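Encoded as structure tokens, the following chain is the form predicted alone, with no partner shown.
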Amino acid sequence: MTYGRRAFLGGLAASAGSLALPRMTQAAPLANVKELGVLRVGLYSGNRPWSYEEGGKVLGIDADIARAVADSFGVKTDLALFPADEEVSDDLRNVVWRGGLLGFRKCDVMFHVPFDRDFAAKEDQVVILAPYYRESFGAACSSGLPECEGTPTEFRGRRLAAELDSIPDFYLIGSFGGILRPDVTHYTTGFEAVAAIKDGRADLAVATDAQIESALAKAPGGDAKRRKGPLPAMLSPGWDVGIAVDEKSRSLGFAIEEEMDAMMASGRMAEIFSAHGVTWRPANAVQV
């Protein structure tokens, strides 16, 4: 397995019609970041274990990766939390290439962006690169449930938990003829949905793998267990997670990608994930 710049990145940029040498030579935002001494990073708020605020400090996996990258550049970090908008495209516009209409100052880079060729081809104002994790969905159950590996319909009448308006939410309320809909309680995040199992408020939760692992390791409460098998009828096969920079900031994006490649190769990336109770899984896009 190697983690250098992949050939597909060139193909991805070409499909977006944005890879052009004159632009690369004109853009020097990496030099600007070093001259100013600050890397401004956009992170989703309330997105534990990735980025969230606690005790007046920004915590999470993405926050720690951003700090490590800034350290490698010899600059400080300015971590800017923002709420998710209706679409990721809205977040890219507000955070990376234009700035928010209500005064949110655009960032040098945004973390936790879906790394998808078709999606990237439509976002011609940004460059999406540096895939650093493979995310997918799973489930967790209370220790009192005799079987966590059954089909979701077997949990009818149990207390089910999911993040509101998320894919796990749509999965539970919309699949299997909707028979589980009356049993679903909504939470603000997937982490909180899994935490509800540990403190006795829920029997089963559907969330992302990172949310499940982190909540089982970090949320207070009793024992809970992670489902080992896949979820029947879950349509999402998972997705890669990367970063985004303004289309004119390629030099910065490539420099961040190289640093994150080095962190993956050295084991530093896995250490950061482990500190938050999560197993680092390399993105499919970097596995050759």
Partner chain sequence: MKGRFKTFAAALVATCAITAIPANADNHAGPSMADLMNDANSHGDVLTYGMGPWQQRYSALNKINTQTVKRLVPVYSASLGGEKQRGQESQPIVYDGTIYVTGSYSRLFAFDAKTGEKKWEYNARLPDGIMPCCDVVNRGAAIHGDKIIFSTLDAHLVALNRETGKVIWNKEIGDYKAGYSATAAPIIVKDMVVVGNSGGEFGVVGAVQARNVDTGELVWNRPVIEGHMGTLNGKDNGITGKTNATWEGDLWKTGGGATWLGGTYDPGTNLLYFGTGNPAPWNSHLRPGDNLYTSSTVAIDADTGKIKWHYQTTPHDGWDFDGVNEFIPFDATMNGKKMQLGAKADRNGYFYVLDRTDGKFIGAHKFVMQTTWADGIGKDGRPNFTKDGRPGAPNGAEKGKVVFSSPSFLGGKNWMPMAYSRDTELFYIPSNDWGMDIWNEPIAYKKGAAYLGAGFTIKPIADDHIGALRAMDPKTGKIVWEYKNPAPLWGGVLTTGGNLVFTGTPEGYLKAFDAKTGQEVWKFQTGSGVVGSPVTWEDGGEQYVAVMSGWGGAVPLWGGEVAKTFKDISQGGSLWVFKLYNE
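Residue numbers count along the first chain shown, from 1. This one's a predicted model, so the numbers in the text were calculated from it and none came from an experiment.
Just so it is clear, the following notes concern the form predicted in complex with its partner chain, a form of the same protein that is not shown.
Annotation: in the predicted bound form, residues N47, V184 and L235 each come within 4.5 Å of its partner chain through at least one heavy atom. This chain lacks the partner; the member of S166, T77, S72, Q125 within 4.5 angstroms of its partner chain in the predicted bound form by a non-hydrogen atom is S166. Exactly one listed residue, out of E154, D199, E147, D85, brings a non-hydrogen atom to within 4.5 Å of its partner chain in the predicted bound form: D85. Within this chain, F191 is remote from the site of its partner chain in the predicted bound form, having no heavy atom within 4.5 Å. Taking the partner from the other structure, its partner chain in the predicted bound form has no heavy atom within 4.5 Å of any heavy atom of D209.
In the predicted bound form, at least one heavy atom of F137 sits within 4.5 Å of its partner chain.
Contact between D108 and its partner chain in the predicted bound form is not found at the 4.5 Å heavy atom cutoff. Only one of 199 to 207, 138 to 146, 171 to 179, 213 to 221 lies within 4.5 Å of its partner chain in the predicted bound form by heavy atoms, and it is 171 to 179.
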